[in-house]
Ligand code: NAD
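Encoded as structure tokens, the following chain is the form predicted on its own, with no partner shown.
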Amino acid sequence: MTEATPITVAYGDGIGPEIMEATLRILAEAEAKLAIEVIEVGEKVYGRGVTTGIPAEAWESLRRTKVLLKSPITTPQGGGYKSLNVTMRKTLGLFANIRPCVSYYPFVKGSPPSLNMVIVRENEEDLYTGIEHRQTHDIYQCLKLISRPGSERIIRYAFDYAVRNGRSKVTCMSKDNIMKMTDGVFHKIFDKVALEYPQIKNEHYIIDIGTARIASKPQVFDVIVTTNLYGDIISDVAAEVSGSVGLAGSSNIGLNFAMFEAIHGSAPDISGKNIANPSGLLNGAIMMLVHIGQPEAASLIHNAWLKTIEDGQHTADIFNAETSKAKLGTKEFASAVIERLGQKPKTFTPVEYKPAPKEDIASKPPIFAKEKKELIGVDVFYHWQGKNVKEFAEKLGLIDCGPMELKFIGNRGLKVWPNVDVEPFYADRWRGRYLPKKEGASITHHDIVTLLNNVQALGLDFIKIENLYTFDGVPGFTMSQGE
């Protein structure tokens, strides 16, 4: 007899408890071997003053089981609260978010027949680091952080996923025509890693046209790999194109932990009404069963679910008069799936999962060697509420810059001094770029500290600095717009 696998279960908020109860009932009837530990996270925990939304005893359970099946969680609006989903992904090191999007044509309206893509989303970096500041009266900042090892790890995972699952192509999506350094390094690493997988086709799309193509011609994609924010957006687009966001499940994979969930939110407006579709969470649970080595139960449930959809037994979100035969509530839909356990679909291709091979997702040696890093200047950001840039330039001109000199003044990324003929709109955050007076000279941290002391002596308000480096002589910073 197969020993039960310990898992942690979080019922979540909103419709979470309803869809979790439906999912667990199906898992039990399919005789999945699970030893369930229930934790409380989310809205009630936030209400007790735990700003993370997860108490210590929940972390203890996760450390024991290393597998979490989670319903949607509500993050309170307003300051002081961080998204629990992001916190859990980062704390548990769940760097890869896997979201399959499949067509259920002709039974789900609007679903293109040949849609069958998987989105592999980096899960820990990008704007989702949540590092934000209000710097002036006008300006708010959110830092986009992309690391080379984080990019390499998720891109390599996407290619490995394609190989393991018989996929033929991996598409990278970025916006490196604008964000030339952050998105640029992601694209460069993709091109490097792709060389290691000659059997897999590869291509790159700019994210805007890529998103449009997902909406209009999703059949041209197979596996897509992208950064955190873009992946979050396009996976919802792809799920909606497939017929309903309510159908899609996802896995979050790390070196030591894994989390499985639906991709939709907690939908508090329909909670308690027995109308929510449990399919997204159920499909997440199917992915979990494969991950923990119970492929037979996964196949049994997935085929029963496909047969339920095929038989026109639909919840309200996918119900349509042409192909639906019954509009079911959450509980009734779960019962319909249970009734079909042991049956296989006739229109859809039956599913037969095999034991998942052990995933070697530990980081390999970096594909880029470490370059020589040299400090050559600094960007100083100022809070100044005047609107006359010439007046501000005169103020900055009084600063003793030591071995550096002021090269330009920028406002919201645009060069506004010197030699600017048109007066643009100004906000109250200004940037001064300081580079060596002698071309090729190095700058020290002491030079920068001295500069800042001289800025302070003149009563100017500097709000942050960014040191400017070269790496093997290549600038590690971008030019200003208009420079």
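Between two forms, the rigid core is defined as the largest C-alpha subset superposing within 1.5 Å. Keep in mind the model is a prediction, meaning the values are calculated, not measured. Residue indices: 1-based, along the sequence shown.
Not on display, but discussed next: the form predicted in complex with this ligand.
S.K.: Check each of Ile119, Ile73, Ala239, Met173 and return the one that places a heavy atom within 4.5 angstroms of this ligand in the predicted bound form.
M.R.: Residue within 4.5 Å of the partner: Ile73.
S.K.: Among Asn283, Asn277, Gln294, Asn123, which has at least one heavy atom within 4.5 Å of this ligand in the predicted bound form?
M.R.: Filtering the options by heavy-atom distance leaves Asn277.
S.K.: Mind telling me which stretch in 385-393, 260-268, 130-138, 111-119 gets its heavy atoms within 4.5 Å of this ligand in the predicted bound form?
M.R.: After filtering at 4.5 Å, what remains is 260-268.
S.K.: Within 4.5 Å of this ligand in the predicted bound form: all of Ile15, Asn85 and Asp317, by heavy atom?
M.R.: Affirmative, all three are within 4.5 Å.
S.K.: Take the rigid core as the frame of reference and indicate whether the C-alpha of Gly432 shifts by 2 Å or more between the shown form and the other one.
M.R.: After core superposition, the C-alpha of Gly432 moves less than 2 Å between the shown form and the other one.
S.K.: Superposing on the rigid core, is the Cα displacement of His264 between the shown form and the other one 2 Å or more?
M.R.: Yes, because once the rigid core is superposed, the C-alpha of His264 moves 2 Å or more between the shown form and the other one.
S.K.: When the two forms are laid on each other by their rigid core, does Gly246 show a Cα shift of 2 Å or more between the shown form and the other one?
M.R.: The answer is yes; the displacement is at least 2 Å.
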